[in-house]
Every structure is written in C-alpha cells, then in structure tokens.
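What follows is a single chain, given as structure tokens, in the form predicted on its own.
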C-alpha cells in the first residue's frame, strides 16, 4: 500500500505543479507581479521540501527537484535588478544563474552529460532541426510583432545580444526543459505524460506575451523539439534552433521589418 501511494504522489504533484505555474504566471501578468512571485516562490519551496523528504526512499521523487527549475526561472527573471543594464547583460546573468542551478541539479541527481542530451547523436537531424530556428522566428514574429531588442545597440552590442540569446536562452532553456526536466519526467511519468506536461509548463511561461496563439505555437514547437530530443537523445539541434528563433524574433526580423 505504501508503494502504491508513492506511485500516485508523483503524478498528482506533477499536475498540481503545472496548474500552479500557470496560475502564478496569470497572477504575475494580469494581477500583480508580487503575487506571482509569491506563488512561484511558495511552489519552489514546496518542491524542494518534497524532494528532500522523499529523495532517499523514493527514486521517483527526482521529478520534484526537476520541476523546481520552472518556478526558479521566473523568480530569477522577476527579482534580479537588471533592468538598467544592457539586454545582453541581463540575459547573460539570468542565464548563468539558471545554468548553475541546472549543473547543481545534475550533480545532486548523478546525471551525466549524455543523460541530459549533451551529445551529438544523429548529426544530420540535429543540423536540420537547428536551421529550422530562423523560419520559426519569422513565424513567431508575425504572431507577436515585438519591438527590436537591438534597435539602439551598436554592431558589437547586437553581436553580444545574439550570443546571449543563443547561449542563455537557447541552450540553457533547452538544457533545463528538454534535457533535465523532460528527461526525468519521461522516466517517472512515461513518455506521453512527460512530453506533454513539461512542454505545457514551457508554454505557460509565455503567458506574459498576452497571446493565446503564441502559447499554442510555443506548445507545438516545444512538443516537436521534445519528441526529437526523445528520439535522438540530444538537445543540440533544439538548442541551436531555439537560439536562432530568438535571434530572428528579437533582432533580425524586427529590424528588417521596420526598414521596409
């Protein structure tokens, strides 16, 4: 009976976490950022506590620690006083914090580089997926029409911003979501639930763009990325594609669009 209750615990926490992350994002962008930060912080503490209390007795509890990376990502973006700094500095510092958190989690759970997809399996598939980033960025620009991040930056600043987007949003977010979180969720929950659940979390973290169409777009792209990562065992192609999507979305296409 005890083993059965443990088996039930992870799916319940998984589903509740998805709902709370979405709720926290709604509170952040539609009500008050402070309320959203409180919900994210509370969820982070709960997940860390669950992981600590059940780590030795229940290997399936690895999912609790993995899920904690999602609220941590939003806490970092909401709480760091970086708005006065150049955008490339902001992305670099927040990304470096998340990379350190991901590395710590890998060490705690004994995950190797191969375990989180840091291997160049199926190179042709990885390159093909990587180059999809530019058209995906164009499509997402047509949905969101964001202002260019590099509008007032010198050429060197544009290059630094592009590198920051590739490394600290493309690579780090793929490591967090498709490499660590999805990998553990699939082991604990099964591939269908793990794939859908983690990419639902990823899509919900885009609520702040106030576009239902973009959330659907991000969910579908995330599912494609996640499925390819599952099949190939590598996040390299998804990381390149994610980074190039953001470069096209926030730098290249807005500047070209405004010049037409």
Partner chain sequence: MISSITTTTTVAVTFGATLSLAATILLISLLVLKEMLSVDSKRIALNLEGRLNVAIWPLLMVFLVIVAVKILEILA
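Numbering follows the first chain given and starts at 1. In this text the structure is predicted, and so the values were computed from the model without any measurement.
FYI, the form predicted together with its partner chain isn't displayed, but the following is about it.
Interface residue remark: residue 210 is counted as part of the site for its partner chain in the predicted complex, having a heavy atom within 4.5 Å.
Contact check for residue 191: no non-hydrogen atom falls within 4.5 Å of its partner chain in the predicted complex. For residue 119, no non-hydrogen atom is located within 4.5 Å of its partner chain in the predicted complex, even though that partner is not displayed.
At a distance threshold of 4.5 angstroms between non-hydrogen atoms, residue 37 is in contact with its partner chain in the predicted complex. The stretch among 124 to 132, 161 to 169, 111 to 119, 181 to 189 whose residues place heavy atoms within 4.5 Å of its partner chain in the predicted complex is 161 to 169. Heavy atoms of every residue among 29, 72 and 79 are located within 4.5 Å of its partner chain in the predicted complex. Proximity to its partner chain in the predicted complex, defined as a heavy atom within 4.5 Å, singles out one entry of 44, 196, 224, 230, which is 44. Applying a 4.5 Å heavy atom cutoff to its partner chain in the predicted complex picks out 94, 96, 97, 100, 101, 104, 105, 108, 109 from 94 to 132, in order along the sequence.
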